[in-house]
Ligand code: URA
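Taking the form predicted on its own, here's one chain by itself in structure tokens.
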Amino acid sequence: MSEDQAALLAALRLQLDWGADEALAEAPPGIAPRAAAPALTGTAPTTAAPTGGTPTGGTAATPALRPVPPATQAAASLAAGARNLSELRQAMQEFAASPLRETATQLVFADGVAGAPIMLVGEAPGADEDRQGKPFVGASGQLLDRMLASIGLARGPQVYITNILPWRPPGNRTPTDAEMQLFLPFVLRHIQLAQPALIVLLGGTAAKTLLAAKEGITRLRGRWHQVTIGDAQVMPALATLHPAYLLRSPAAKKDAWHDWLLLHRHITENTITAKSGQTDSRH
């Protein structure tokens, strides 16, 4: 069997796992993450909610009427002072208030091209990401690439990826609420500087942090929300299941497929396309 035939069979198996029941185009969008996909441009909206769903959810601001811990205040100050992504990365690298950086190998900042119209936000680096310094490069990242390819997308000019936490938690444990709130100012500033048109929240940690939601991901997924980034700038955000969860629970891929169809329809209906002339910001 040739490599092309093997790739086609792998793509078909993914579609079967998805429970796919409709075609997106006359021809398949490609069988690999780097396959050509429909051109993507546009800038981040400030007020309008996406078509294809009713926006719900809260803002990404720190909950009102609660005292802000000094470490979070320091994170907010450092984040606000970053004028570009390079400065933000440096600020996060030097931020010493979290013990996570003492147990991790290296900071995992982002992958893709700054200015890509779609920004994916995950949970935290795993062991593979900690070694390579890039988000989603392990088994869940490989599944994510296949999911993106299934709707004609790929990392790079179209998709920019980061996590709520830049450091790997020991043993790949779930981030604590305190850790998520500590790094929230950096995530919000990251979104501001990357300037996507929309956000995809991968998993419960990302959804809970950026939507200030109490519901679990199974209740938040499959619909559009609005995230307030700063100064009343509102951005559409779609919550969906984390690829790592899909590896543990393959039956849930059918639900995830419908989420990605919703993303594809929004991209198509709103003519969201990649901005030209961007510089690759892989880390």
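Model, not experiment: these values are computed from the prediction. From 1 onward, residues are counted along the sequence shown.
Keep in mind that the form predicted in complex with uracil (URA) is missing from the display, and what follows is about it.
At least one heavy atom of Gly126 is located within 4.5 Å of uracil (URA) in the predicted bound form. When uracil (URA) is considered in the predicted bound form, His242 lines it closely, a heavy atom lying within 4.5 Å.
Interface membership of Gly112, defined by any non-hydrogen atom within 4.5 Å of uracil (URA) in the predicted bound form, is ruled out. In the predicted bound form, no heavy atom of Pro166 sits within 4.5 Å of uracil (URA).
Of the candidate stretches 95 to 103, 186 to 194, 78 to 86, 118 to 126, only 118 to 126 has residues with heavy atoms within 4.5 Å of uracil (URA) in the predicted bound form. For the options Gln158, Gln181, Ser150, Ser140, the residue carrying a heavy atom within 4.5 angstroms of uracil (URA) in the predicted bound form is Ser140.
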